[in-house]
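First, one chain by itself: the form predicted on its own, in structure tokens.
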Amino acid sequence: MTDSFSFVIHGTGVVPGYAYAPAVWTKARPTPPVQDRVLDESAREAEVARFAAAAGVVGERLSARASAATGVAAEVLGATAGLARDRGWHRAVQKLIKSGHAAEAATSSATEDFVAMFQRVGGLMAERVTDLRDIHDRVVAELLGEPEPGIPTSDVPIVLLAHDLAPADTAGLDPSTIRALVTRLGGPTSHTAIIARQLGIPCVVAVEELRRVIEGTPVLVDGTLGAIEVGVEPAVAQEHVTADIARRDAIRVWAGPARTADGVHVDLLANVQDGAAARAAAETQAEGIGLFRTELCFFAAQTEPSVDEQAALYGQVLAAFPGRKVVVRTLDAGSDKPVPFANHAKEENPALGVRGIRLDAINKGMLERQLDSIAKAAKDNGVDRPWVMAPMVSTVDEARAFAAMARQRGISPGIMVEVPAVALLADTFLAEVDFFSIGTNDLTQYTLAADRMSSPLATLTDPWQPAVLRLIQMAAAAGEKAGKPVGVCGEAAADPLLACVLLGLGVTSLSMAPTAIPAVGVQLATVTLAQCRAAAVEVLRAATAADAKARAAELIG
């Protein structure tokens, strides 16, 4: 390849690491031509049954994959399988079939209606458009007897390029052949990025110029800085890959606990969604649980579970880490995570609406019953004073009221730092509660006024944004002054380079998907606390996210 064909394009690096291999584009998803036909009335019930059978097959396949997967991949596959069984979507398809349309055409028409609805709602609901179209493609293929659509197969290593990937496809990637993943769309907190991080595949998203890369061209992918280089000398590329292999080997054998090069211990904790995930995390290097997402236990619950029922679920998580730190988050339902029994109203902007602690305003007593359940689970499992935090707190009055309810039940109260108001008044908020946990996904979204699931805004929803880092520093400084812990439980904690900066900013613990812990532990072992603090000072001087990341990489990368 000549120098004249050399170029570098950039996106947002979301999973660190290097890869060098030929680029292979995903093929256009095979939605076979659908020619509608008018069905005789006598044939319509059979056609409804044919659609239901096809959707059932797709749902069962995805459920089977979810059962075989772990962590976020299992969660996403399970949610996608649920979409294949969605009653509203089924009713819409069946209505069209009963009016005389063939199942294939009815499926396509109903899907586009739902897509338009999701796009009108906007916000995090827009993320479901990719999922729904993926389900549509799979069901139509099943109806027509075609092979299930998906990513291309390869017997040799490749760098996979895509306009976008459905979460179900990302969860099925084979890291032995897919050496890196690069997409035109997506953001740092998209399902594609989160699953790629769990699989350990270097990943760059939001690459606007990705179409410049021609099928079969060898490319060097830098998942840390988000660079895709075409025309690099193979020997130079191999040097980067060899060094990255050594890093991966160190990650593979890392056993913890996490310490910096000068011996400073760092708490690396796990994010979990239920007892099964907690038990799996207990088999890893996680020293505790920094985020138990309780709302994920109740996505299918049509009525609010009783105190005893909730306590049994929470007890499974507490039991997985006896005597160790477990931080329970009260229901963060709403926006993209509706819980049936929480009386969600239709909102123009659900991300700024009734979610998290605000649900208590329209579900009187629900928060207190959840705290009763947590207290019961703690007592049943010998936990003296459980850690519990409230999401989406934005006023001191909310923090004070929550803390009072928690302390009445022998619970140590904390709050999430997701709304910039909390970081700006961190000293005042910390006077009311025992700890902070920074949710960098939402803090970034609200600081930059950018939907974290919006691909065009991926550069804004990068936690390396200097404004976000300054807010984190404010919260951490308040914690240090008050002698109270300040953790990070958003996706930023799983970025090894950013983890070092967070430590330098004064964060006291990092919580992430269990599979991300070894990479962070290995990175921390290469730096001293003084280096982390120096990097934090430099990063806070940066004017852009790219500049912040580059400064950190130069000092500790």
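Just so we're clear, the structure is a prediction, and the values are computed from it rather than from any experiment. So that there is no doubt, residue numbering starts at 1 and follows the sequence shown.
There is another form of the same protein, the form predicted together with phosphoenolpyruvate (PEP); it is not shown, and what comes next is about it.
Colleague: Identify, from the list Gly223, Gly439, Gly414, Gly356, the residue with a heavy atom within 4.5 Å of phosphoenolpyruvate (PEP) in the model of the complex.
Modeller: Of the candidates Gly223, Gly439, Gly414, Gly356, Gly439 is the one lying within 4.5 Å of phosphoenolpyruvate (PEP) in the model of the complex.
Colleague: Of Val317, Ile374, Val422, Leu291, which residue is found within 4.5 angstroms of phosphoenolpyruvate (PEP) in the model of the complex when only non-hydrogen atoms are counted?
Modeller: Looking at the other structure, the residue within range turns out to be Leu291.
Colleague: Can we say Val327, Arg407 and Asp434 each have a non-hydrogen atom within 4.5 Å of phosphoenolpyruvate (PEP) in the model of the complex?
Modeller: Zero of three within 4.5 Å in the model of the complex.
Colleague: Among 525 to 533, 489 to 497, 502 to 510, 52 to 60, which stretch sits within 4.5 Å of phosphoenolpyruvate (PEP) in the model of the complex, heavy atoms only?
Modeller: Stretch 489 to 497 is the one.
Colleague: Just checking whether Glu418 would be counted as a contact of phosphoenolpyruvate (PEP) in the model of the complex - the rule being heavy atoms within 4.5 angstroms.
Modeller: Yes - in the model of the complex, heavy atoms of Glu418 and phosphoenolpyruvate (PEP) come within 4.5 Å of each other.
Colleague: When the contact criterion is heavy atoms within 4.5 Å, does Asp332 count as touching phosphoenolpyruvate (PEP) in the model of the complex?
Modeller: Yes - in the model of the complex, heavy atoms of Asp332 and phosphoenolpyruvate (PEP) come within 4.5 Å of each other.
Colleague: Applying a 4.5 Å heavy atom distance criterion, does Arg197 contact phosphoenolpyruvate (PEP) in the model of the complex?
Modeller: It does not: once phosphoenolpyruvate (PEP) is placed as it appears in the model of the complex, Arg197 has no heavy atom within 4.5 Å of it.
Colleague: With the partner left out here, check for me: in the model of the complex, does some heavy atom of Arg138 sit within 4.5 Å of phosphoenolpyruvate (PEP)?
Modeller: Heavy-atom contact with phosphoenolpyruvate (PEP) at 4.5 Å: absent for Arg138.
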